[in-house]
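There is one chain below, alone, in structure tokens, taken in the form predicted alone.
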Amino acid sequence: MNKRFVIAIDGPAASGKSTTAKQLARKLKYVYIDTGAMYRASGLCTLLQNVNLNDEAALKNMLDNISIKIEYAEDGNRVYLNDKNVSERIREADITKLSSQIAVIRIVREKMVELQRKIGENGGVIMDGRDIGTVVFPNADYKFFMIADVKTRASRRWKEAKENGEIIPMDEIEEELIWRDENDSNREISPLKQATDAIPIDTSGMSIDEQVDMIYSVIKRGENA
């Protein structure tokens, strides 16, 4: 492919968007920007610096000096917070919940959007999240909105946890996903919402390879149109 597109993939937690985006990026030889990792890193930063989320002055000072870098690696992106590799730490349970809380804070989102737009200004990027096609890149060349039923998403999360040596009750995972859906969809700032020009994809009965192939074929058809 000759033109370097900006591709936005949105959807609720565990809908398959992140895994699909990563594999699609490798297939297209694009840069994959894990926006969720950026919010997770911001949340971790508040813990490390003992910043209260309700203290706007302290939070602004932290954001003015924060450095978040994402580097491509064959085994997955590496995330650096203030030059320290935090790729594993930001995936732990306490950061998962904190990231959803910090994502609703306006000054945090403004800073992250600023960083995301800068990374994608020359194209050749794939971003996934909850507001990429509506807020970060409303003029993205391609927008996709991935969904899946709660039981399918909970099963995916359960398998991921098991592979990491964690045993979490399925009903607990379902409850957390429902809570996150509600929180993300109803937050005042940049809620989870399908862009009017996004292509919806229900991944409930699809494998990751099928998801990647579907999106890839859409992009390839567009390039040849």
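Note that the structure is predicted; figures quoted are calculated from it, not measured. The first residue of the sequence shown is number 1, and the count goes up from there.
This next part talks about the form predicted in complex with cytidine-5'-diphosphate (CDP), which is not shown.
Between 178 to 186, 193 to 201, 64 to 72, 165 to 173, the stretch whose residues reach within 4.5 angstroms of cytidine-5'-diphosphate (CDP) in the predicted complex through a non-hydrogen atom is 178 to 186.
In the predicted complex, cytidine-5'-diphosphate (CDP) lies within 4.5 Å of some heavy atom of Thr35. Put simply, Arg156 is far from cytidine-5'-diphosphate (CDP) in the predicted complex: not one heavy atom of it is within 4.5 Å. Residue contact with cytidine-5'-diphosphate (CDP) in the predicted complex: Leu81 places no heavy atom within 4.5 Å of it. Though the partner is left out of this view, Ala148 does not reach within 4.5 Å of cytidine-5'-diphosphate (CDP) in the predicted complex, counting heavy atoms only. Residues of 81 to 103 that come within 4.5 Å of cytidine-5'-diphosphate (CDP) in the predicted complex, judged by any heavy atom, are Arg91, Ser99, Ser100, Ala103 in sequence order.
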